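Presented below, as structure tokens, is a lone chain in the form predicted on its own.
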Amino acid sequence: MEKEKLFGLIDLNWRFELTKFKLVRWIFKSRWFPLLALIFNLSVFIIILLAGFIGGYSAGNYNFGVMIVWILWWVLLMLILVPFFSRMWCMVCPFPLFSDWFQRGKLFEINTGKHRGLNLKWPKHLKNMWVMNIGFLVTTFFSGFFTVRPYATFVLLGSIILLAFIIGLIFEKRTFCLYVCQVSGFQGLYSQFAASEIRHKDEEICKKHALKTCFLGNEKGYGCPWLLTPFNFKKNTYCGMCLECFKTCPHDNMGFFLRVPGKDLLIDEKRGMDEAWKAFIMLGIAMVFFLSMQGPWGILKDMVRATTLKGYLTFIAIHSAFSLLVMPGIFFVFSYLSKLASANKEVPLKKVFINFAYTLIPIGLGVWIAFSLGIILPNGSYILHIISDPFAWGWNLFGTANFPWTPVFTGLLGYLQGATLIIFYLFSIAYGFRLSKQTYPDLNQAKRGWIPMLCFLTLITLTFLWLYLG
């Protein structure tokens, strides 16, 4: 890691261990955590599924399932969990709970024997984000139904839970979470920018510990369900924060750290086209979602909600082409210009393309945070209604069933979104030049090669500023 400071102020090597506090470490090492959180979330999702099924095709803004999933959960994920706590949602996600239970044969106690099921290995050529990329993109084809039709949310969540269980019967450990789950893909991508991480504390202790119980497991916990090697992994991308490594390490050598956001972006390890395309897809979806959900164009809303079959198929075609071809195509042109500007003939264009794609992670996360502000501020008050009457049966459990729709700070919404974009744009360019220096061996080449990519990031940011501010 470079010794220079981010923005000239923040040491890139700074980190603070939260698990040095005895209470936090005790919680992380307890088998009751995150199990209790998983059971609580499972109970909430049961209510969500029931509300979705009972709600059928009624209006989504007064349905518990639609409001909790697409307003509260999504906003918490994008505004708090991913940017600050990496993949902490994976820690408490109830979707793989049933497959874990089946594989292990126990829910709380440790089964040191062989896991049940076929325990097959996932195909090597699919050990990447491509399945998640396509799966997430296809899921967004139905966004116009999920957000307004409770039954569609019921079908989606029920299908994910069933698929997680079936894959758990066939493949080893958390294969579903690693390579299939649509939510896992963008969490993995943006967790590289997160302000926290789980890592080993002392490298020498790990080297001297021959048994590697964090990977293999012991009587106190299971080997890493995410198939990582906790003693030496370097990026957040595939760490589901299950905490088994805390329970199985006999030397208390695992720590949960606060750190400088974006530190993983500079780790030149396992960069690939799959993650690059995930960045393009997420940006493309964000633009399409804004235009069709928060923009003023009614014709786009009709296309997304399948008012006509022709309009709906047109939406799918444009949406797919824009995310899979147009965004990467434009970025390829700027990557080519970067290579030309650098005057370096040895660095492969593929390396330029992939490395600079990681500059899209900060600005991409910023775009999604800005989009999420556009969801929660106008619509958050609906949540007060539905928690008191989750099944629309006329209940008033907490006295808030009659709370009126009350938009909050909507007059400032565009400015809040604009400020968010600018902050994350600054992070993108701060890391972008460092990525340029990693890509090109000579400093002057790096400076020249950085100019086209800076132009691209600026163009993207200005485009979204125009959309949000009008």
Partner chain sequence: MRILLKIILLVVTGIIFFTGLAFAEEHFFEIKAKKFSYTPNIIRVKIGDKVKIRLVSEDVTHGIFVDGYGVETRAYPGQDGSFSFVANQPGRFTFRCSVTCGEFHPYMVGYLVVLPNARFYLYALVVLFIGGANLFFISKKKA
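Positions refer to the first chain, counted from 1. The structure presented is a predicted model; accordingly, all values stated were derived computationally and were not measured.
The form predicted together with its partner chain is left out here; the points below concern that form.
The candidate site formed by F290, W405 and A419 is fully in contact with its partner chain in the model of the complex, as each residue has a non-hydrogen atom within 4.5 angstroms of it. Only one of L49, V69, L435, I429 comes within 4.5 Å of its partner chain in the model of the complex through a heavy atom, and that residue is I429. Taking a 4.5 Å heavy atom cutoff to its partner chain in the model of the complex, the contact residue among I354, I316, V148, L97 is V148. In the model of the complex, its partner chain sits beyond 4.5 Å of every heavy atom of T19.
Though the partner is left out of this view, Y425 does reach within 4.5 Å of its partner chain in the model of the complex, counting heavy atoms only.
Using a 4.5 Å cutoff between non-hydrogen atoms, G113 does not count as a contact of its partner chain in the model of the complex. In the model of the complex, no heavy atom of K234 sits within 4.5 Å of its partner chain. Contact annotation: its partner chain lies within 4.5 Å of heavy atoms from the stretch 372-380 in the model of the complex, the single such stretch among 187-195, 256-264, 372-380, 320-328. Contacts between 431-470 and its partner chain, taken as any heavy atom within 4.5 Å in the model of the complex, involve F433, L443, K447, W450, I451, L454, T458, T461, L462, L465, W466, L467, Y468, L469, G470.
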